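What follows is a single chain, given as structure tokens, in the form predicted on its own.
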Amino acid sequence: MPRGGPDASWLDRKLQTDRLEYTDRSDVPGTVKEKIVAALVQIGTKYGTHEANSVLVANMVADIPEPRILELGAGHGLLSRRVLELHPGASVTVTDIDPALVAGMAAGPLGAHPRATVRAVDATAIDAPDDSFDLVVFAAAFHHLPPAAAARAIAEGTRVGAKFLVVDGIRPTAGKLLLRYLTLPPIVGAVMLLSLRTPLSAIGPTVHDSFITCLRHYSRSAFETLAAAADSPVAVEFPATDRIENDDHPVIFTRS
């Protein structure tokens, strides 16, 4: 299935790629990946993305006194750290498939937090019983999964959790995507250099990964098709939000 969904246009199908981001490649030095993660933390902090995602998660479980939350593809773990501050009764299981990222989170504040557990978990094969969590979260990383793996992640997320929240970019129309294709690299590079004062050695790899990301986002119809491919019926919601179009947006999956 194309990233733009089964009815994607010819242009939309051309504006997608199977090329991996540096953070997904085994042949890229760990130092390069660390620079990209650090730059993404800087960008997310500067523009409030991490805070907005954390508040969204905390609000979704606000009525549950002691919610159990599973974060998939956590990377740096900032979302879970903030959720623990926002909800004093929450317990989080913070995970990633990359052992180096898991080790980094375990060595930091999350590893010492009494309400946090840090583990290596594959989002497509979650080692947990059915209904283990009140909420499963996959923020800013769902696009890393190709369609078959994405469908399995939806099936797994809705199996182990009452709700499965994905926060990621929503693929726009082909015309808007083409505009991003042409303008995103210089804009991201300029912002990192002039506004964030990012080290030069981190700009190239981060721009590369941001460019690949925009070509791998799923459209609304693609999310609906992926949900339909899950093992059991899954409902899909696209909650209204005040986020601008280029921002990550919430998608909520619920097992029927």
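Remember, predicted model here, so these are calculated numbers, not experimental data. Sequential numbering from 1, following the sequence displayed.
Not on display, but discussed next: the form predicted in complex with a small molecule.
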Counting heavy atoms only and using a 4.5 Å cut-off, do 50, 97 and 141 all touch the small molecule in the predicted complex?
yes
Could you tell me which of 172-180, 108-116, 72-80, 157-165 sits within 4.5 Å of the small molecule in the predicted complex, going by non-hydrogen atoms?
72-80
If the cut-off is 4.5 angstroms on heavy atoms, which of these, 84, 151, 101, 184, is the one near the small molecule in the predicted complex?
101
Answer with one of 214, 192, 61, 40: the residue that has a non-hydrogen atom within 4.5 Å of the small molecule in the predicted complex.
40
In the predicted complex, does residue 128 come within 4.5 Å of the small molecule, counting heavy atoms only?
no
Just checking whether residue 24 would be counted as a contact of the small molecule in the predicted complex - the rule being heavy atoms within 4.5 angstroms.
yes
Since only the chain is shown here, I'm wondering whether residue 123 would be in contact with the small molecule in the predicted complex (any heavy atom pair within 4.5 Å).
yes
